[in-house]
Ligand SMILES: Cc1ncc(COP(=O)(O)O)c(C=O)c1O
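We begin with a single chain expressed as structure tokens, specifically the form predicted on its own.
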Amino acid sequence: MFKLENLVRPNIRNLQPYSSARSEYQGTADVFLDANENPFGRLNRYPDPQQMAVKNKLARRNGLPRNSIFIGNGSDEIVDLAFRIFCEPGQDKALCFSPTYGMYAVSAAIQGVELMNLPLRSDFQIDTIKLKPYLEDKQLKIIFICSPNNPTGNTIHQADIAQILTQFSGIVLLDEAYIDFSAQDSWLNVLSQYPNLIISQTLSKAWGLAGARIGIAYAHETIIRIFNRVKPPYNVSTPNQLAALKVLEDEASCIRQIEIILKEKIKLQTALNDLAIVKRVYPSDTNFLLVEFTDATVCYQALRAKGVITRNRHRLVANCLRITIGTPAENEKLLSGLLEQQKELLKLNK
């Protein structure tokens, strides 16, 4: 049985949040003498601490209450706050399914929380049989699920996620950073059915706003209320909020860019499969491909020497590079570099 009050750390339940000048005042005024700001300048005023304009835009877009939305300084802040709110350092545990996004482990280490790893099956899906003993651990407070997953690129089976949500009495943080590239619907459509679900999204990927650090959490308003109490008062700057509003107001451009990226992904996948140095291109529901090479490190170094940077994921998935889908010209440069490397290897093997 899910009971939020049993999950929140006592010190967080009793926390008296900082009350900023801008959060205390609501309405319109001509003169602001409440926050010790410099009266001169273009960015001299503190930003909206609750990012109301951005939340209103997201609420209308997704058909959700504004009170079910939290805006973070990137999704990493959302992960960090989840540990702070629900996990007692040195006592509670969290769980993720490896290989996956590395910041779960970093945030857990910073907060002094044990992060257990359950390896995904060979098809990069959750082994629900091996998961059962973990769900019985009374100290397990958060389960992280990245879907579509990074670096594997696949979407986790919906039935498995639903099973975890219904069987687990703790928090499930579903990371949907790449959902805009997937044919699979977001879990936002069923958010109201799961009081223990937090959905994390971002404007860094499909929306092209990685430099602005806009992370979004959707959850029941009781969870969002706690996030707002714990976060720093001015966690998202005014320029970043304005940048978020600008891209959200031009969704048509985002859709066009996604279409280009997905078409390029198909072309790149086909071209990579034709290379002798490529052993496998994994299916992807994201804007990247996980590619197994005969020797990933050699190919990574060869591409780097030509000014093309990929991500060497050999330690997570043997002999694999994670390759982001770039512009048509960038993708051509990538393929050209790999073709040259293939020719070099063929010469050496003669």
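Not measured: the values here are computed from a predicted model. Throughout, we count residues from 1 along the sequence that is shown.
If you look for the form predicted in complex with the named molecule, you will not find it shown, but the lines that follow are about it.
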Self-check item: Partner contact for residue 153 in the predicted bound form: the named molecule, 4.5 angstroms, heavy atom
Solution: no
Quiz item: residue 178 near the named molecule in the predicted bound form, any heavy atom under 4.5 Å?
Solution: yes
Quiz item: So in the predicted bound form, does residue 111 come within 4.5 Å of the named molecule, heavy atom to heavy atom?
Solution: no
Quiz item: Is residue 213 a contact residue for the named molecule in the predicted bound form, using a 4.5 Å heavy atom cut-off?
Solution: yes
Quiz item: From the list 238, 158, 204, 139, which entry has a heavy atom within 4.5 Å of the named molecule in the predicted bound form?
Solution: 204
Practice problem: With the named molecule left out of view, choose which of 199, 146, 81, 165 has a non-hydrogen atom within 4.5 angstroms of it in the predicted bound form. | Solution: 146
Practice problem: Choose from 205 to 213, 272 to 280, 254 to 262, 126 to 134 the stretch whose residues reach within 4.5 Å of the named molecule in the predicted bound form, heavy atoms counted. | Solution: 205 to 213
Quiz item: Going by heavy atoms, what in 84 to 106 lies within 4.5 angstroms of the named molecule in the predicted bound form?
Solution: 101, 104
